[in-house]
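What follows are structure tokens for two forms of the same protein chain, given separately as structure 1 and structure 2.
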Structure 1
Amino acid sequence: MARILVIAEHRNGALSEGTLELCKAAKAIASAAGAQPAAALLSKDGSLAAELAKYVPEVFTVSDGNLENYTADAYTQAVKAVVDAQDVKGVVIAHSYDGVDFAAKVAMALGCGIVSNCNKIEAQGGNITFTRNTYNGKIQEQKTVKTDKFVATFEKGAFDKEEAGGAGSVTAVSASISASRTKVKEVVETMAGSVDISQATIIVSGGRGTKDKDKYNDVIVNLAKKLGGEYAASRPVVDSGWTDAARQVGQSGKTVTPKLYIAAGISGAIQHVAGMKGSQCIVAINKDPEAPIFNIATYGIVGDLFEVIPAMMEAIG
């Protein structure tokens, strides 16, 4: 039976949470496409194979010294080796930093279509329709793949994590992997800062809509101080140097779960929401009634943050 093959993601000897979500996605696609879920473990020595086999009926390992660190070159060769050796219909990859780095290269190596950044699948007579976010989350689109095989990448959180339970088979696929043209030297921390916003119970966060550094300080920092909380920001605010990187919330910043998260002038891009959706109460202040942030907020005010926030300061007293 054809397989829907998850490419397991792992770092420092552990599978990523996203990998368990991909196992769930592969199961859903497989049942729609009359295929069977499976996973590939590409690593130095295959030591996570038994762990991975708890989530899928079949695990294929490619083990090679050149797979010690993730690289697009080595991963693409290894995926190709598994697809050549086994009957694989689709390859599913996390839409993570590593996933984005190699998924399109795999599609090129297989000569097949890729649908990236998916959040949902639907089956129509064995044909899979992929739903994905576009236009900063304002519009969704559906796509299908025309080629025999496909590659799809999935947004973090699109599927629940698959439960451990099974004990799948483990099969080694032999392949000789040539050295990558990119060499990994080290992994460094870039956000170490004096403040740890992840401990705050109240966070006031400002986005590009705060306009400039002075205005950001004026409204966001002052409201945070008034509420006895911390101030934080979306990525463009940090990119522009209005506040420190240690205060960035999101996929490439901090994950926070305060009691109260106030998002002002933040549109609610998926990469931002990834870092704050676990907050107990979310307030969105945005002049655009269609901003995606309103889809996850508890309370919303559609309006100009430069009018609303001073009025809040007054109401707090």
Structure 2
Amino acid sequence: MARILVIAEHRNGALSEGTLELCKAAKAIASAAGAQPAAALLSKDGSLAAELAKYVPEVFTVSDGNLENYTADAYTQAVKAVVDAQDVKGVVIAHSYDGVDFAAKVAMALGCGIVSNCNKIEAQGGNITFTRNTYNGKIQEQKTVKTDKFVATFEKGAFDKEEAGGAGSVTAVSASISASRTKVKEVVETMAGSVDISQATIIVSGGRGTKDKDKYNDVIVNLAKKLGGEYAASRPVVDSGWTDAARQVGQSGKTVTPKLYIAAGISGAIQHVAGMKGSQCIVAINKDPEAPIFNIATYGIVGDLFEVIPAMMEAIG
């Protein structure tokens, strides 16, 4: 049976949440295409294979010293080795920094079509139709791939995370990974010790309307702590130095999909919305009733955030 193949992302000995979302996507595509979901683990030693096999029925491992650190060349060679060895109809990749870097190279190596930044799939007459964002999310367009195989990248939050289930099979795939043209000399953790806000279930985010660093800390940071969540910011706040870049949400920052996203003093520029529109519940606080953020908000509060947020904290107790 043909397979829909997830390319697992992992770092520091753990699978990314995006990988678990891809497993759910692969199952949806496989069901529509009459295929089987599977995953490929590309690494130095395949140590995460058993963990990955909890989410898909088949895992294929390519283990090679040249895969210890990510490079587009090595990953492309490894993916092609799995596709050549197995009956693979589609390859799904996270629309992340690494995924965007190597997905097109994989499509070129396989000689197939690619659709990037997808957020939805539909089956029409046995064909898969992909929905993707264009113009910073202002337009949703639908694409189909006419080649026998396809490569698709999915944005974070397009699918829920797959829940762990039984133990799938693990099969090693032999591959000779040649040295990459890119040499990884050192991996520098520029945000070492910083929280990964993309994993948070509650986020309180502040924008230019918070006025200054002290007020941002007073209302945004304190409300986030009171709710047991994380605090975040729009780009103007980060550019002003009120908080660090690891907490920036938006097209040039992190993409987040929490259960609750509170946007305070954020107008709703499309660049920011692109990074948080997948949140389950969005609460917008802005004194401008015409602010674009209200167009995507689940609940909107028109008012001064310096009055609204203290009242919220008082009500929380």
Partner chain sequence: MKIVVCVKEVPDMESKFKIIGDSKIDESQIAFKMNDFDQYAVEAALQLKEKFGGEVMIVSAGPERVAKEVRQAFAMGADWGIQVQDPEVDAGDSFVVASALFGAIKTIGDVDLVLTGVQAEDDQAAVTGVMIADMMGVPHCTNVVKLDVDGKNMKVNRELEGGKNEVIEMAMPAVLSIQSGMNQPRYPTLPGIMKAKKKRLDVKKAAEVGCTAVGAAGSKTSFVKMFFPVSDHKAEIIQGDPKAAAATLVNKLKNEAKVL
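As the structure is a prediction and not an experimental result, all values here were calculated from the model. Think of the rigid core as the biggest set of C-alphas that the two forms share within 1.5 Å after superposition. For numbering, take structure 1's sequence and count from 1.
J.: Pick the form predicted on its own out of these two and give me its number.
T.: Here the form predicted on its own corresponds to structure 2.
J.: Return yes or no for E17: a CA shift of at least 2 Å between the two structures, with the rigid core superposed?
T.: Superposed on the core, E17 moves its C-alpha less than 2 Å between the two structures.
J.: Core superposed first: is there a CA shift of 2 Å or greater at D214 between the two structures?
T.: Yes, the C-alpha position differs by at least 2 Å between the two structures.
J.: 2 Å or more on the CA of D288 between the two structures, with the rigid core superposed, yes or no?
T.: Yes; that C-alpha moves by at least 2 Å between the two structures.
J.: How much does the C-alpha of I309 move between the two structures, in Å, when the core is lined up?
T.: For I309, the alpha-carbon shift amounts to 15.9 Å.
J.: If you line up the core, how far does the Cα of A269 move between the two structures, in Å?
T.: That residue's C-alpha is offset by 6.7 Å.
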